[in-house]
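Okay, so we've got the same protein chain twice, two forms, each given alone as structure tokens, structure 1 and structure 2.
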Structure 1
Amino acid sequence: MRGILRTLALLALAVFIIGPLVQAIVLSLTVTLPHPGVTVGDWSLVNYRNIFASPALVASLGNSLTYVTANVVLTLSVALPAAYALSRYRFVGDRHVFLLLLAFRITPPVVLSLPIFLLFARLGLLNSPFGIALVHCLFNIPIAIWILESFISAVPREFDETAFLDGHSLPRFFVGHLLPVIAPGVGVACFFCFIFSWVEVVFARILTSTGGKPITMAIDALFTFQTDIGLVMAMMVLSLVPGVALIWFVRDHIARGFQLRA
């Protein structure tokens, strides 16, 4: 009896999670507004064709991929050395710095929206994917340092000392020896940076008022007096593809990373 209840509970959970996704895919393949050559209610790829026929929608996909990639690269470039320093060296206030980084991460983004808008306007970074990538780094670097510091701390110090005794410099040891060992941690950090940056809306809305709009803002702009729901669902399905691809390629690192942290 308990086995049946558990199976029913898992099925209900699967339907609850997968149901909206299936509905979105079905609607993305359904004609919801009149278009030449098709009838409302027909199954068609017209919604996907309309996406690639729209320069604004295609540009939004490129903008999102650009700033998310830049954000992940910049975040890891800063977080990896910082996490190593916090893990291996002791200095006055090191733990306080660590806590301040985490406290900054839980600051509501909207609190910083006006100062960041004024600063970026002065620097000419508005309506630019690079500007969004920079501001996302402010929030992703603390969480990436927190994740990577715990993975580096799990590596014995003797591992570093042995490499240095063998004549490896710090950069060579870092790239050739340490990074492969903490690859699961890097995968987990990449995963969280990507997810936060890909779905973030507050700064994307504020910093892209006239151009450089990411996919979230492009979807938001599709809601008008007569919304083409099929087109909106097609954009939503396409927006899932990069995230699913990332999870697929780093799934082993993510799984190992969560196991090690547990």
Structure 2
Amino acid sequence: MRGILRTLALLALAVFIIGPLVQAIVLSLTVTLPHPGVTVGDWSLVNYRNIFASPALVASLGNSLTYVTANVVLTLSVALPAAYALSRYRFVGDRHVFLLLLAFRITPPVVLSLPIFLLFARLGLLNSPFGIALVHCLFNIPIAIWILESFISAVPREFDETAFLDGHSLPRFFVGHLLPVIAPGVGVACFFCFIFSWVEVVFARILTSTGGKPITMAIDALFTFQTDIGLVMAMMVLSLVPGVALIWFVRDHIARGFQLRA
């Protein structure tokens, strides 16, 4: 009896989560505006074909992938040493670092949008995927440090000492020894950096007013006086693909490593 109830509850959950996406997927496969060779209301792949026929939309896919990749690489390369330091050493102010990271993680983007725009205009980082990659470090570095720190702390200290006795330098130790051992943690950190960066809109909007638009802004730009809702939904479906693929890769580790120390 309890088993049946649980199955029903999980099914209801699946309907609640998947349901809203189903209509979007159906619309993306439907002709919603007149196009040559198809009739409105028919099933067709015309919306997906139109995406790849539009240079602006194709460029936005490239921009999004560029900034997310740059952000993940930058975040992980600065967060790994920091997480190692917090895990292995006591130093002046180490307890305050966690509060500081927390403050940066939860600062609302709206609060910083104006000065970020002015600062990045001066640095020449407007309308470029790298500007977005840099600004998203604001919330991704704290997250990556928390996750990596908990994975590194699960590795015994003797592991480091053996590597150092073998004469490895710190950078070589990170790349050659530590990274393979905490690979699941790196995967989870990548996943959380990806999702918070991929979905962010406020910074992405103000930094790309005239060029370098990511997917999110390219979709916003599709809303005109006669919106092709099928095309919008096809773009939305494409925007989900990388995230869902990442979920698949980290599925067994996703629930580990979010244990935060205060």
Partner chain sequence: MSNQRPDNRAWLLMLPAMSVLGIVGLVPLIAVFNYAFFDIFTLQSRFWVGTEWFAELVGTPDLYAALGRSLLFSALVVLVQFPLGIAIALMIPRGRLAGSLVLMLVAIPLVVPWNLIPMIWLNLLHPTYGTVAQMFDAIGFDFDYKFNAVHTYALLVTVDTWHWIGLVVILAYSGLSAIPPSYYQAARIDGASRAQVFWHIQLPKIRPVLLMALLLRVIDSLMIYVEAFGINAGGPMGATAFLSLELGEEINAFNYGPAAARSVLYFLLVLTVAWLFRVAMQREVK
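For residue numbers, the reference is structure 1: its sequence is counted from 1. Basically, rigid core = biggest C-alpha set you can superpose within 1.5 Å across the two forms. Worth saying up front: this structure is predicted, and the values here are computed from it rather than measured.
Source of structure 2: the form predicted together with the partner chain. Core superposition places the Cα of I247 2.4 Å apart between the two structures.
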